[in-house]
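Below sits a lone chain in structure tokens, taken as the form predicted on its own.
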């Protein structure tokens, strides 16, 4: 890499903490080199209280852009000059594009989810989605799927102090995408969740259930609604095959793991930064196999 860094090389970065495990620098730097783009991408450990200073540095150093991961996504939202429709609804930013000092915040998580389904031949327009979760990933998926033409979304979230926030977001999204009906339920209502999945085309887990060290668990307590033709997607990517996906596979479902969403949100961000397409087939082979 040092052979291609010059006095003109532009800087991009990933901000968040912890960050040492991230595969983003390898993916982006490979793509820059492959396409002959004079950028370098690094990971900068950034605590939530340091977000404002980190984003101010983007302006100072004229960085073309950057990505934001946990726990800084919500803090970054408040530092933007402009917001994409998805970022505005979600209230969180994971991609920042710098146009001559004016920062636009995007959220590519939901697009990454939709693209991961498309990459497996699954179209979402006119479909019904049942979604487990109410956090950032679930919000991004809800927003993007509604904007992209899903006709109905049933969201299941824990009935805690954040439940009302999920209901409020659902109403806002319906206002932006009037062709989509969104209902929010208590995730403890197993009977209702089973019934909604039985009527759905797609079921997605956007909770941490299934992620290590909870890899022996599944968000789905009743698997009777799993069936051939149902698309089951999991945002968890470690382990690559969760208990949910194993059980769905046994039932004949179409299974899509979280590594696809991780890849495609980066692909979309790369396009926003550079205006060019990431060499996605090679990136898949090198970093996502």
Ligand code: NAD
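Being a predicted model, the structure only gives us computed values, none of them experimental. Positions refer to the first chain, counted from 1.
A second form of this protein, the form predicted in complex with this ligand, is not displayed here; the remarks below concern that form.
A heavy atom within 4.5 Å of this ligand in the predicted complex is found for one listed residue only; from 214, 83, 122, 195, this is 214. Residue-level contacts in the predicted complex: of 55, 233, 248, 236, one residue has a heavy atom within 4.5 Å of this ligand, and it is 236.
Of the stretches 156-164, 75-83, 170-178, 143-151, only 156-164 has residues with a heavy atom within 4.5 Å of this ligand in the predicted complex. Contact here is defined as any heavy atom lying within 4.5 Å of this ligand in the predicted complex, and by that definition each of 134, 208 and 262 is a contact residue. Within this chain, residue 70 lines the site of this ligand in the predicted complex, having a heavy atom no more than 4.5 Å away.
Heavy atoms of residue 258 reach within 4.5 Å of this ligand in the predicted complex, making it an interface residue. Of all the residues from 81-111, the single one having a non-hydrogen atom no more than 4.5 Å from this ligand in the predicted complex is 109.
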